[in-house]
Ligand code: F0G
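Presented below, as structure tokens, is a lone chain in the form predicted on its own.
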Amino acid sequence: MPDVTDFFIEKFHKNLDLEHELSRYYSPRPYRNAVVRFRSCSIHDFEARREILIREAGLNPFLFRADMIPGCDLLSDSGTTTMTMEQWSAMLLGDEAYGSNAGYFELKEQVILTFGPSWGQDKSLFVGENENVFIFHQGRACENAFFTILSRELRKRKSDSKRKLSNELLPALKARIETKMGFHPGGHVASEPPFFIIPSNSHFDTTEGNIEDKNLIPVNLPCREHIEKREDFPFRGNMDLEELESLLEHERDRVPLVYLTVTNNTGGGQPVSLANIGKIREITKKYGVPFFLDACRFAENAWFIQQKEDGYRDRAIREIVHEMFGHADGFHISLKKDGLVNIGGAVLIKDDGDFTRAYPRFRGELTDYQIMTEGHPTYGGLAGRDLMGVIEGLRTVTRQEYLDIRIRQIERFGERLVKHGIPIVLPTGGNAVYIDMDRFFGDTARDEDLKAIAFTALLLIAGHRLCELGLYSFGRYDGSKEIPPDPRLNYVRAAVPRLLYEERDLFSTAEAIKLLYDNRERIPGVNVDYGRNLKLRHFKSRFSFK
């Protein structure tokens, strides 16, 4: 549809000629730039970006060449961090020994300092059979390994996987689980056994994908304040405690563990309160179910607790982190987020936690899996220098001044969009701004038009890359029509890499978004030319403008 793209290219050109507004600042940044890199493309290359977008990338931001993005690349905040000079310096000291490199032991010490004394290792235990820190090359490798071993363990247990769900479950929860299971109208389970459920406040896309790939059922239990879009509620990432209680009371034997994502990325980057974490721990203890964290953005979550939860304003970030992780039996983390590095992940399991007691052979099997897929457990797919970057990153990420400027930057970006009338998820979260595409288009868009995809495509022509995380990413195609996710999501995410951009960069993205919003009636729908039925389809699909 060249007439549409021509229209927006002309508008984008005119935007570049407008006078810049002056912003007012009263305090300097707590860091300074030590290295800069000039871009290899120009913001004026609109026609070249259009050609790449349509001919090469099929309108898919994941398939668009990064070296042709002259503006803000806000596709992800994972592995896109600008590392500090201290991290680069530490990497020069990396020990590249194949087994038991020095960095591994430093990492074990830093884990205790960052996450708390309960994550220490009993020195009398034989490392390799009863390890508590498992290193991987990134977060989704952690998820794959963890749920692979968990699925194996569950298959050894007797389970009446054909039994129907209890009618005592809360009706909306029961319906949601049945949808995830793929129930036939006759009430029989379409999926193969074992029939086990992994509940969370909201699983992210690859987490959900890894769970489903292991024939487990991921179920989201977002709090009602989030579903009701309560802009005055600061912890919209919370889990619905009533639904959790109902699930464990009536289907406890089908729930091997409860998962909590901090912050809640799928739900708009929203934080989880310590009160909610504590209540989840109480409920899981009551029913004897282990409790895990998806801890990718743990420090950002701790900042929100400090700033917005009663009783924590005068507490240090590290103290809050210790309290958060004191409740958990284990966690997995993509260190590409709050590890402040470009690669790395880890699974941690407490020596004396409920999970270890429930699955005493698990850690030994996870070690075997780690050796077969990632290498020796003491480097886990990472170079020794990368481990040193992780250690320094875990020191930096709990610094108050870092978190203050990091999250305030997201907040100001959101404020600029609100000033322009753009509907976003409020309050703003810790890693991204989420544009609410239902409100952006109002009644002018049908679900099958997938206009959020067209929005991200046109924004690429402007020179900025965002990501659709809604109807297409989390929805499904039933063979005849698109089925939106339940609870419904229809967002576009602008994920801000850590320490990479300044406000001038983000505000220029906001202006391009405003231009699209002001002309939203001209944004077309898209055809899905390839990939509609694939797993994790948003990474691979190709589209064309209608």
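It should be emphasised that the depicted structure is a prediction, and the values quoted were computed from it without experimental measurement. Counting begins at 1, following the sequence as shown.
Unshown form predicted together with the ligand; subsequent notes refer to it.
Judged against the ligand in the predicted complex with a 4.5 angstroms heavy atom cut-off, the residues Ser78, Asn265 and Cys296 are in contact without exception. In terms of contact with the ligand in the predicted complex, the residue from Thr378, Thr207, Ser200, Thr114 that brings a heavy atom within 4.5 Å is Thr207. This chain lacks the partner; the member of Arg465, His332, Arg363, His226 within 4.5 angstroms of the ligand in the predicted complex by a non-hydrogen atom is His332. The ligand in the predicted complex comes within 4.5 Å of no heavy atom belonging to Ser473. In the predicted complex, no heavy atom of Gln87 sits within 4.5 Å of the ligand. Put simply, Lys336 is close to the ligand in the predicted complex: some heavy atom of it is within 4.5 Å. Heavy atoms of Arg493 reach within 4.5 Å of the ligand in the predicted complex, making it an interface residue. Across the options 272-280, 134-142, 447-455, 311-319, residues that bring heavy atoms within 4.5 Å of the ligand in the predicted complex belong to 134-142.
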